[in-house]
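First, one chain by itself in structure tokens, the form predicted on its own.
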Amino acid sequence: MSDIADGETRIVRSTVWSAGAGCHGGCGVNLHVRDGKLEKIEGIADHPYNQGTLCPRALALKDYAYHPNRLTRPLIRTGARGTDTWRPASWDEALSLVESKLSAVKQEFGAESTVFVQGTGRDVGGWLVFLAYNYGSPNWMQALPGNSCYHPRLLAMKVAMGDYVVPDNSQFQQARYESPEWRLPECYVVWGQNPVATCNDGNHGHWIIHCVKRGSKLVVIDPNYTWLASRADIWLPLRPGTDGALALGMLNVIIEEELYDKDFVEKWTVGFEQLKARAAEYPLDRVAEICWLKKDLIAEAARAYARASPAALQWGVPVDMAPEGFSVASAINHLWAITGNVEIPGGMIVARPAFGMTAYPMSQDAIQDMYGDLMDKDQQAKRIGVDEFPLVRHMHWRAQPDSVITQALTGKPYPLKASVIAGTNFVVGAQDPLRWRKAFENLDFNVVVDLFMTPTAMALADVVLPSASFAERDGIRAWWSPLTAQNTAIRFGDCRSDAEICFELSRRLRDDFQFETLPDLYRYYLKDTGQTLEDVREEHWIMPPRDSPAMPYHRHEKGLLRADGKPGFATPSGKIELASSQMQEWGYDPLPVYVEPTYSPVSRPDMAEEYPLILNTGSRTIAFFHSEHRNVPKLRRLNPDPLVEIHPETAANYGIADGDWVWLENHVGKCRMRAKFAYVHPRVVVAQHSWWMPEKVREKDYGAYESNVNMLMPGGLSSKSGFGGAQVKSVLCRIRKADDQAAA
């Protein structure tokens, strides 16, 4: 039941994704409502994802939803951008203005001159592409250089295996760890991620902890001494940005010592001899020198993984943000491929959405099914970045962010005139943020959708539309399995969900839009699932039957992964391609290769003399999600100041004490942070990212450029493929004690 009576309290069952907890989510929650107000939030004990657990961000939902600074009505700018001059408007007036402006741009310049910008995936991603393609623009993108958030990994898996692959933590089983079908991974590798602090990509940190408690051997690959690293059997604190060399070195050990699964490699892969030759270029001595690791430790980790059956691997954005993120992801993909840890219980399994739904219900495939071709080929060819990065044309439907920024600044090959910005605060969160700001200041009209007045909304918006937290939304989603629902528990002000906003704008902007109401659209997406909207909302989550193609295991043997129904994988060869035929056809190296970071002691020894430390950024905190939550007092108390972690010996060399305010500086810029002693490499400092100060005066950009480490991040470092290369994990810097030790 979605609603449960408990005296005077109504309990609404829903699912966490989108604004509030700040994650991709999947957690089942009970929302306790009294007199229309949210009283408290609890995890649902028998929900297959979170099993009753919730993070601090979800538990702080009441403070977030009822925050006094929540936007409650649409706002239209009346003065110059950045001057905090607005007037409230009705939804009809605000949406009519957006409709008028975007229609005028489309008529005069073409729909491609409007760009649609999102942050991380969550809920808004699917809805924003829905709006972009209904409007007719091919230019929908994520606000991150190089598409360096999961896309390099997605594409690496796509060309190698034809599918998206995740570690099997029993999350596809309602009985979870007690399911007789599931096996405990004998070895669990966590590569470049701190999953304890955040929910990411449908994989929860506590799942890994449960596996370790049950006996999984833990290998952590991370330059940071995370909570998981402190519990690891093997910890590899590699030099930031050298993940590709380490992966190739581990492949070399496994192949040379014949620890790979010979039967699986022979039957289900192609290109093994080519991969063997490439891996041989990375002997342990070379890899140890590159990565600042002991070669015996590298060998021990490779052997632990290869000898385990099954073995699982969870990875993070440092893979994507490497100089050639796509290539690094390919090397790691091949670790589980050659060891046969594919589609087996406790290994790496293909993630297919429940009941044939899409992970984002309003995805490209769904729109194409609805309307036929998304847009004609001439219009698709206008997608920004396809000429500079051919892989964008072949393997992706997003515009390339680095190319978008350049085009917004130059107006070539055609001008950009408008934007719709939702679920992102890129004036804080993007690398080289002032360049991003300048690019969008060049546009004539910007719409920002958010729950709060952020630095991005303040600096750029002509219209601000107030969005809703997850407690204020209805929705359906199949983030793999199960099929889940969000159910509205409360209303706040005159806020609307991303779904409602994008649906209404699509209806206004597309002449042949065929749906009367949002529930009609949900029913359309459920039409082939055998489930009704009412059933999904009532049950809250529904697991697919055991014989469903969405459920593991061994589907490659049963013909359930290929469109033609034949055994194998959804690749041109029908096998896992260790040397990609598609990449070779498109003019790229078909094999993984290591590329040194652009700004490192190796590539720029001259610069390292002035900036001797490696700056690693983006480490997660359980208090925040990227730039969100710093205005929620309960969460801010967990992490009140912007922190940079530094080894005590390094700090002593610079006269820095634990807790001192310091300046981080490099050739790009500087920022002010508070030093925290930590167990990191003496030549590495680790800074939190995307800091701004909601308590600061609005006209002063909320302190968006005072303690924001992105001010030190060079832009335009995208990889050759266009996927990866943000390199926010590995640039050079120096550190000095700030003269003024007062709080920033």
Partner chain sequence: MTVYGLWIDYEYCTGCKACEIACQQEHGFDTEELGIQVLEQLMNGGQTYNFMPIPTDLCDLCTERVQREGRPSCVHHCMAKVMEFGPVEDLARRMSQKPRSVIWAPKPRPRDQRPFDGADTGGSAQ
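Remember, it's a predicted structure, so these values are computed and weren't measured experimentally. Residue numbers count along the first chain shown, from 1.
Missing here is the form predicted together with the partner chain; even so, the following discussion is about that form.
Not displayed here, the partner chain is approached by Gly52 to within 4.5 Å at the level of heavy atoms in the predicted complex. Heavy atoms of Glu706 never reach within 4.5 Å of the partner chain in the predicted complex, leaving it off the interface. In the predicted complex, the partner chain sits beyond 4.5 Å of every heavy atom of Phe492. For His667, no non-hydrogen atom is located within 4.5 Å of the partner chain in the predicted complex, even though that partner is not displayed. The partner is not drawn, yet in the predicted complex one stretch among 375 to 383, 227 to 235, 537 to 545, 441 to 449 has residues with heavy atoms inside 4.5 Å of the partner chain: 227 to 235. Only one of Gly655, Pro605, Pro633, Pro413 comes within 4.5 Å of the partner chain in the predicted complex through a heavy atom, and that residue is Pro633. This chain appears without its partner; in the predicted complex, the one residue of Leu409, Leu638, Ala304, Ala89 with a heavy atom within 4.5 Å of the partner chain is Leu638. Looking at the partner chain in the predicted complex, residues Val196, His210 and Lys676 each place a heavy atom within 4.5 Å of it.
With contact defined as any non-hydrogen atom lying within 4.5 angstroms of the partner chain in the predicted complex, the stretch 712 to 741 contains no contacting residue.
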